[in-house]
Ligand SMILES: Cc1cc2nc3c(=O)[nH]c(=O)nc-3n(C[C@H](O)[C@H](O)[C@H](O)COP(=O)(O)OP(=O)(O)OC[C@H]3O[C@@H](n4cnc5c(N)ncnc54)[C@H](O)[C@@H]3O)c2cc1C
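Presented below, as structure tokens, is a lone chain in the form predicted alone.
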């Protein structure tokens, strides 16, 4: 397997890396632990469209770039390295882009074109207060009344929820645990409400509670009929999880680079701390963990591009990447000593941010159970 980048990928990565460093990093620093306003986030996403970030995954038949999974992973890595918050918003746009082919034909011009242009932000409504890892426990209801669905319920931990102009909503249409779940497009104008959630980190982007109280949506907005939605969403998750692992590793790589600089500049016992064996060994271990995680993610993304089964590789790369990233950032904090826990240095922010990646997009424990099931054929959920 060839892990080197082709010329086109290298050119895109290099140009995006420079742009992210010069244009996105100052924004990330200015809004550290503060929500980037929607207008500002829209402006950012519109500029990133030119690099293929976010909606670049949309097929050329729908007007997108049709970028492959590996390239999308590389792009998300570069953005997350300077701002995991902006990268999360881009990831949701990418996920929305993957589901655009399911939008009913009569609605495509109202959603496909704006998403491709970065003028509308969407989100995916899956998790609920009582349905996180167990998606089949979804209880948000869609009841048919004439030619409309009346929706009641709540979604929780919805990335880009507060930013969203529309939501691809996983709802329960009947009492069948799996067969009752369908996917419907709900526009902000239909009346859903959002409330942003304050977290330990990643507060520069919107993570929201989304509420539906007798929200009426045309029946023609149904995207996937009950009984078929889970397959579509699980396929989407399998392709997103390696990228989530890469985004966590991007934070780790930024922490490693900061640690290398600090270790060369910080003098103790008459020489830079990089000259002490313990620090040098830590840096070597950190670099190796990041590289191992990246290779696992690219293995999973390569399988996706080759239309091979990728769910197990995806689960492995997500939990391993997030776990290694947390270990690396923790070591970066140790190398920085007391400075590592102060807001004067970036490490404490990275430490708080990277930890959330062990929970998002399916907890690491759920990933391990999925891997175990593939080995034994027995469901331990």
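These numbers were taken from a predicted model, which means no experiment stands behind them. Residue numbers count along the first chain shown, from 1.
There is another form of this protein, the form predicted together with this ligand, and it is not shown here; the text below is about that form.
Contact check for residue 101: no non-hydrogen atom falls within 4.5 Å of this ligand in the model of the complex. Taking the partner from the other structure, this ligand in the model of the complex has no heavy atom within 4.5 Å of any heavy atom of residue 221. A residue is said to contact a partner when one of its heavy atoms sits within 4.5 Å of a partner heavy atom; residue 371 fails this definition for this ligand in the model of the complex, lying far away.
Looking at residue 365, you'd find a heavy atom of it within 4.5 angstroms of this ligand in the model of the complex. Comparing 132-140, 209-217, 262-270, 111-119 against this ligand in the model of the complex, the single stretch with non-hydrogen atoms within 4.5 angstroms of it is 132-140. Only one of 159, 239, 71, 204 comes within 4.5 Å of this ligand in the model of the complex through a heavy atom, and that residue is 159. A heavy atom within 4.5 Å of this ligand in the model of the complex is found for exactly one of 185, 126, 256, 82: 126. By the 4.5 Å heavy atom rule, the three marked residues 5, 302 and 304 all fail to count as contacting this ligand in the model of the complex. In the model of the complex, this ligand lies within 4.5 angstroms of a heavy atom of only one residue of 81-110, namely 92.
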